[in-house]
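The data below hold one chain only, encoded as structure tokens and taken in the form predicted alone.
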Amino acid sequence: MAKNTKKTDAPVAQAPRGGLFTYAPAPESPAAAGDIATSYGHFIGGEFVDSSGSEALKTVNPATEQVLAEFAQGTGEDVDRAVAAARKAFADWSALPGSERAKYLFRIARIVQERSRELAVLESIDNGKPIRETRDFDVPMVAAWFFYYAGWADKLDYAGYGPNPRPVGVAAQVIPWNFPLMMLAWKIAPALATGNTVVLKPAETTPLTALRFAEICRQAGLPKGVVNIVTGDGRTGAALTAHPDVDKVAFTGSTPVGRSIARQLAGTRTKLSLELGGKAANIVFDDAPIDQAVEGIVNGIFFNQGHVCCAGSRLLVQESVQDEFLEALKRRMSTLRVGDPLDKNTDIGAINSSAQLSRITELTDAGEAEGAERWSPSCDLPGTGYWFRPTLFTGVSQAHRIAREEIFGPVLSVLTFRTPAEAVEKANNTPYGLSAGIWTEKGSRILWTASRLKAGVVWANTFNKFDPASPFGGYKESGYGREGGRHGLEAYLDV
């Protein structure tokens, strides 16, 4: 594989305005990502193979608009080959004792740790998210997920799903672009631990870490055909989820696509789990510790540029502390550094694609047109790449599009409430039901509020905290099924 040697100037992270300190750039070397081939095929049956078609797509660095590599647009024939390879491998893989399957998962987890710098840099280059996040969150979570499910592989009889639970067969898995490697781990680790084989399709804007993971599978000695990766856009995903020889479909992505897959599989015997959109409310009561809550709000919406399905994109703050809280929040937002994702000081990196940037721009323009007041801290954005300033809207009503629709960007809408009952009513006034946050010093208020929120995950005095032992998922238009924990095994077992 040839190394892509094309170079462009990296964007410069912007220093916070009006602060006591300034920061010199601390860039990570892009060379740490290792060799990036000029073109990639699919990973089928343990080998990298050419596509049956001639169409190729390109993945670009969102921070520079530099083309990183070409990759194959998967065809129906490619999907057939991958599913056939997974089906062939299933008999031997599912027959292995759980303790033997666990050895492979442990090995993958250790290799991920050993290659963590390489994976973190590659993820930042392909996705646009800050290296601080890929280094300290994404890659460690990938290893943790494989370690955790390796531990379950020989204990399935005690998972609460009856004696001798059996794998369902071939799992078709389609993952999004916001957490490419982490979503891969969330899908593949429990599937392999329970004895299933996998065909995975990564998002068309972020295929590189999935293809690098294929190399890790070979390095770990994983039997051929247990994990197969077919690249392409939505056409490839549709061919995979509709394949007649697939036993289980797991999809993370947008609600409209999730609806389409659910309709597609209605009346079939194919198992389905969906993790879709969200419009989470972060509720700040008048007794909340303001500085702590501000940090939680910032983490809840500006982490990963707001490209998070469970992002706290609606702030509900009690009227009596609204002015004080918003002043502190704006002060904190003014210190956020926007720029080069490979700079270790960067807080907010690049928007993943021009299409997503257009979506964010459209909805924020609609917010202004509908009468909400927009505010962003002063910062200079790089001249190339896809960028959006952290943005705050006040004067938002529940009828505004920015309060109803998932923006999937660094945009926070602020609403107010007077009583706890009003806060719950406004928080639940959404078609989504993925996550929520509560900020108060009273434990009784946390329990009262959490029991009334229609959200699959409720955080108290924190936000965006994940653990492989804890189930995650939503309901209503945020999907159904759970990933993580003992609950995450169920989707891959015939129970």
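Being a predicted model, the structure only gives us computed values, none of them experimental. Don't overthink the numbering: it's just position in the shown sequence, from 1.
One more form of this protein should be noted, the form predicted in complex with a small molecule, which is absent from this view; the next part is about it.
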Exercise for review: Tell me, please, which stretch of 115-123, 147-155, 167-175, 89-97 lies within 4.5 angstroms of the small molecule in the predicted complex when heavy atoms are compared?
Suggested key: 167-175
Exercise for review: May I ask whether T241, T252 and I261 all come within 4.5 angstroms of the small molecule in the predicted complex, judged by heavy atoms?
Suggested key: yes
**Study point:** the small molecule: the contacting residue among G312, P202, P410, P341 in the predicted complex [heavy atom, 4.5 Å]
**Key:** P202
Revision key, fill the gap. Of G237, P180, G300, P190, the only residue with a heavy atom within 4.5 Å of the small molecule in the predicted complex is G237
Check your understanding: Does the small molecule come within 4.5 Å of any heavy atom of G367 in the predicted complex?
Key -> no
Review point. At the 4.5 Å heavy atom threshold, is V257 in contact with the small molecule in the predicted complex?
Key: yes
Review point. Just to confirm, L276 within 4.5 Å of the small molecule in the predicted complex by heavy atoms?
Key: yes
Point to revise | Residue contact check: E215 to the small molecule in the predicted complex, 4.5 Å heavy atom | key: no
